[in-house]
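Given as structure tokens, the chain that follows is alone and in the form predicted on its own.
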């Protein structure tokens, strides 16, 4: 998978897995990583799926309706790719925190829905429920920050609340941050995510 790896100055910090939104690429979220944890190593990945010239991490049938078969395949593909990168770049595979926006946040959520130790934590900006009717692994000690817009036309509040309920039921410690905005990523939610990261991963 096309990607960028940047070695950080502090090996104790998690490696940040950056996952862009629809139409983005592996450079999109690098500024976010610089705001949230400038000393951390970064693995920024470009989605392998092409939707009318726009990169995505998995296919969809239409807006808001995922191709579930492809989602499962791509989730395994991405998880395996991170395993390979951990060996190649010599970072701790058990200490990876995802930062995802929209489509990227959805596949990060899918990783947690499908595999117990896929992530050490996650920052999900404007995410949806990736799958329904599946047993989510125990996510104790996997904290998650969820940023959402109350007026998001693509993701109704009830959808985000269902995601929060699912992850909470799997014992994840959830921090939610709501803006008055829509689907755009707002500075205030990024700043809230910075504080969340410091609380969970930068102290001690």
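Positions refer to the first chain, counted from 1. Being a predicted model, the structure only gives us computed values, none of them experimental.
Separately, the form predicted together with ligand MLT exists; it is not shown, and the next lines address it.
Only one of the listed residues (85, 128, 111, 96) places a non-hydrogen atom within 4.5 angstroms of ligand MLT in the model of the complex, and that residue is 128. When ligand MLT is considered in the model of the complex, residue 75 lies well away from it, no heavy atom lying within 4.5 Å. Residue contact with ligand MLT in the model of the complex: residue 64 places a heavy atom within 4.5 Å of it.
Ligand MLT in the model of the complex comes within 4.5 Å of no heavy atom belonging to residue 145.
Heavy atoms within 4.5 Å of ligand MLT in the model of the complex are found in exactly one of 87 to 95, 100 to 108, 129 to 137, 114 to 122, that being 100 to 108. Along 18 to 37, a single residue, 22, places a heavy atom within 4.5 Å of ligand MLT in the model of the complex.
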